[in-house]
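This document opens with one chain alone, in structure tokens, the form predicted on its own.
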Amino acid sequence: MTIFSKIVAGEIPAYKVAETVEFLAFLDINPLAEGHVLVIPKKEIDYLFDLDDETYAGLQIFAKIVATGLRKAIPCKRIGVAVIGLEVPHAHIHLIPMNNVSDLNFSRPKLSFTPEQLEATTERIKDALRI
């Protein structure tokens, strides 16, 4: 069972910003930027392109919805999208608020936020998604 499956099962806490029956979006705890979100299918599949077509399409649509709220909540030029897939063997999409291309450089040092800051960011994103 991956760390993401443990989050889905409620065994590990997460800063959840959006959830459906099939998908979950939560803050990355090692973010490149404030509001860095991971979007996952709840079904544990290692590789994004091994998802069945319906789940893959649904994940992309869910990511688009989350990205729209994220852009309203976090001042930025764009929401960058990255699929690396090496860190956790569970398909996931990174949504990263960005102002320039270097904001998507995964070799940069990760940022650190307090639990209070993460909670505040979570609430801002949730509020933007309700609009």
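Each residue number is its position in the shown sequence, starting from 1. Remember, it's a predicted structure, so these values are computed and weren't measured experimentally.
The same protein has a further form, the form predicted together with guanosine-5'-monophosphate (5GP), not shown here; the description that follows concerns it.
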Contact residue in the predicted complex, chosen from A73, L38, L59, A67 - any heavy atom within 4.5 Å of guanosine-5'-monophosphate (5GP): L38
Does I29 reach guanosine-5'-monophosphate (5GP) in the predicted complex if we count a contact as any heavy atom within 4.5 Å? yes
Can you tell me whether I12 touches guanosine-5'-monophosphate (5GP)? I mean in the predicted complex, with a 4.5 angstroms heavy atom cut-off. yes
Considering only heavy atoms, tell me if E87 and guanosine-5'-monophosphate (5GP) come within 4.5 Å of each other in the predicted complex. yes
Within a 4.5 Å heavy atom cut-off, is I3 in contact with guanosine-5'-monophosphate (5GP) in the predicted complex? yes
Heavy atoms, 4.5 Å, guanosine-5'-monophosphate (5GP) in the predicted complex: which of 73-81, 30-38, 97-105, 51-59 makes the cut? Say which one. 30-38
